[in-house]
Structure formats: C-alpha cells, structure tokens
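Below you'll find only one chain, the form predicted alone, shown as structure tokens.
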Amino acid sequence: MNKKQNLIDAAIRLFADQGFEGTSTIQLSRAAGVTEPLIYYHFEGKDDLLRHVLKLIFNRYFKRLDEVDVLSGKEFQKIKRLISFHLDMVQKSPREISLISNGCPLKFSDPENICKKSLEKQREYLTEILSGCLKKGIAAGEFKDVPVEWTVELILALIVGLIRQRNLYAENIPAMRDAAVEFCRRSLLIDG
C-alpha cells in the first residue's frame, strides 16, 4: 500500500475514533507510518486531508447506492432495499459512516461544501426514489393513501436516524433493520 493511502486509512480511523479536533498531524503520521511532512506533501494540511477523505467516502457511498435495485419488484421491496442498504453501510463501514455523521456538521463551512453538496444530493436522490415508490404504490393499491411528501420525510428521518445511532453495533443491525422494515410495512401496506 502506498504512503498516501496509508494516510487516508489512518485519517478515517483516527478522525472517526477521536474526532477531527482530537486528532493531531503527529498522530496521523505515526498511525500511517510516515513522517509528518509527508502529510503536507500530499495535502495542504489536516483540513485538506479531511476534505479528501469525505469526498472519497461520499463517492463510495453514491457508487454503492447506484447499485441498489430500485427499479424492479413491488414498491415496498424498493423501500426495504434502501433501508437495508443504509444499515448494511453502517455494518460494513462503521468508521466511514461515523465520520460522515459526526464530521460533516463541523465542516459545513468548508469552502468546497463537500458535506452540504453530498448530503443535498443524497436527500434529492432518496426523495425522488421514495416519492416515486409511494406514488406508484398508492396508485397500484399496494399502499394506503398516505401523504407522500410527509411520508417521504418520515422515511428519510428513519434512515438518517438509524445511521446516526452511536450505539448501533453490528450485532444490533439485523434486529434494527427488521424493526424499521416492519414499521414501514405496517404504516404503508394495505394488507399490513
């Protein structure tokens, strides 16, 4: 593995575990097995390294999100896949998710607005998918006649809330997924 990648991996680990402010460049260099000046060779500083890491994490997220099948099957199955996808991300990449959940609010003043732009993109994408699922499901008689806009907001809040749970450990994720899906099933499906 190259030194720049070692720095990125160390940054993800330390920023997620200790927080951005609680991590020094000396700690980063030691964890990466490089000298401190090498950070400044590859990045303008710790802020630039965080921007790079956040871009990388969001790019991975959107690439994986694009692979979620939101075109086939019944509308409820599509919603279930979105919920499962997000909880799988928490399980497979807990540090990355923690860094986005905890690091992004601190960086909304970032001149590149990485977090703001990415979170807006996520919201627009999920809103479009969920709105389409609800409208089609209502029209097909699969779903109850729920207010689409507010139901989308509730499902988004459910997904974001699950992601941000600091005490959501891997062993709890299957039960949490089942509970979230069952809640949506009872709330949406005509036959419950």
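Because the structure is predicted, anything quoted here is derived from the model rather than measured. One rule holds for the numbers: they count along the sequence shown, beginning at 1.
The form predicted together with the DNA exists for this protein as well; it is not shown, and the discussion that follows is about that form.
Here the marked residues 60, 66 and 85 all miss the DNA in the predicted complex; none has a heavy atom within 4.5 angstroms.
Checking 164, 136, 55, 46 against the DNA in the predicted complex, a heavy atom within 4.5 Å turns up for just one residue: 46. In terms of contact with the DNA in the predicted complex, the residue from 154, 146, 129, 34 that brings a heavy atom within 4.5 Å is 34. Note that among 120-128, 66-74, 136-144, 36-44, the stretch whose heavy atoms approach the DNA to within 4.5 Å in the predicted complex is 36-44. A residue is said to contact a partner when one of its heavy atoms sits within 4.5 Å of a partner heavy atom; residue 3 meets this definition for the DNA in the predicted complex. Proximity of residue 24 to the DNA in the predicted complex: non-hydrogen atoms within 4.5 Å are present.
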